[in-house]
Ligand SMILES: NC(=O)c1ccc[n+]([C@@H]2O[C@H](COP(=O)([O-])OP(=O)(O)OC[C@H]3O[C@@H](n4cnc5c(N)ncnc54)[C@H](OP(=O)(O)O)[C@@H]3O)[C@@H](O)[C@H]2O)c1
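Just the one chain here, the form predicted on its own, laid out as structure tokens.
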Amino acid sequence: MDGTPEDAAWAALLSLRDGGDPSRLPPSELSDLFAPLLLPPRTPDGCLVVGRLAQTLDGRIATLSGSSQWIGGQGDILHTHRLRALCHAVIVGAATVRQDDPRLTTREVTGPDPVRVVLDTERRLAPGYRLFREGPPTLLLCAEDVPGPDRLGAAEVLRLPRAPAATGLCIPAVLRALAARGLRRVFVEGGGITVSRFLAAGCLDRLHVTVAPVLLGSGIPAFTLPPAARIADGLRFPWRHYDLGPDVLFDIALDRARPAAPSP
């Protein structure tokens, strides 16, 4: 049985995952959305980095207790798995592992699994989570001054510098370490703190934000960034929107822009 036009468009995208000319993709909404991620990186670190968050209409990614599965509907889940399949590495923070115990595989779509990367600066995660026991290769990234063996369960441990004058790891060092392993198309899946750190460091090329028709009234905010003193100081950008029914996806071209530093 012949596949659908969407199946054909997805197969064409997958064929370019490891090289090729996205301008030759057949016209389709999937091509419009994902082709920018398949362009050769133009950054000194050699990476193309896409961040992704799913949030409520009032800008929350989870309830106050941390419940977040799933804010978006089935269309958003499919979109997330497609991002995983097109990228060489998928990154999550330790809090996401602790809260969701994710697998970070491409089980909802045709396509390869990415290398799973966990940012755990202080190395506090236990080896019992699924990422460290089963599935595709996993890297655990921690601060270089944190002691411990070179493996956590099945995961390899990499030690990196801390961010200067900030919490967490040095984000440019994270990208350099991944590029050195040939992991150049990088998907920062979450959570909000991790995506915000990449954004604040000026290390996101694109940002995909799914907005679901849900109001929570309170909860964990999508972004945690340096405060802007004036509206004019906010980070503005071009975007396109796509219908994920019932959600709306915003594809934002950041091109490594970063929020303005707060005034002294």
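Remember, it's a predicted structure, so these values are computed and weren't measured experimentally. Numbering starts at 1 and runs along the sequence shown.
What follows is about the form predicted in complex with the ligand, which we do not show.
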Candidate stretches 107 to 115, 150 to 158, 190 to 198, 126 to 134 - the one whose heavy atoms come within 4.5 Å of the ligand in the predicted bound form:
190 to 198
So in the predicted bound form, is the ligand close enough to Gln99 to count as touching (4.5 Å, heavy atoms)?
yes
With heavy atoms only and a cut-off of 4.5 Å, decide whether Ser31 touches the ligand in the predicted bound form.
no
So in the predicted bound form, does Ala62 come within 4.5 Å of the ligand, heavy atom to heavy atom?
yes
So in the predicted bound form, is the ligand close enough to Glu144 to count as touching (4.5 Å, heavy atoms)?
no
In the predicted bound form, the one of Leu139, Ala177, Leu169, Leu83 near the ligand [non-hydrogen atom within 4.5 angstroms]:
Leu169
Does anything in 120 to 145 come within 4.5 Å of the ligand in the predicted bound form by heavy atoms, and if so which residues, in order?
Asp120, Thr121, Glu122, Arg124
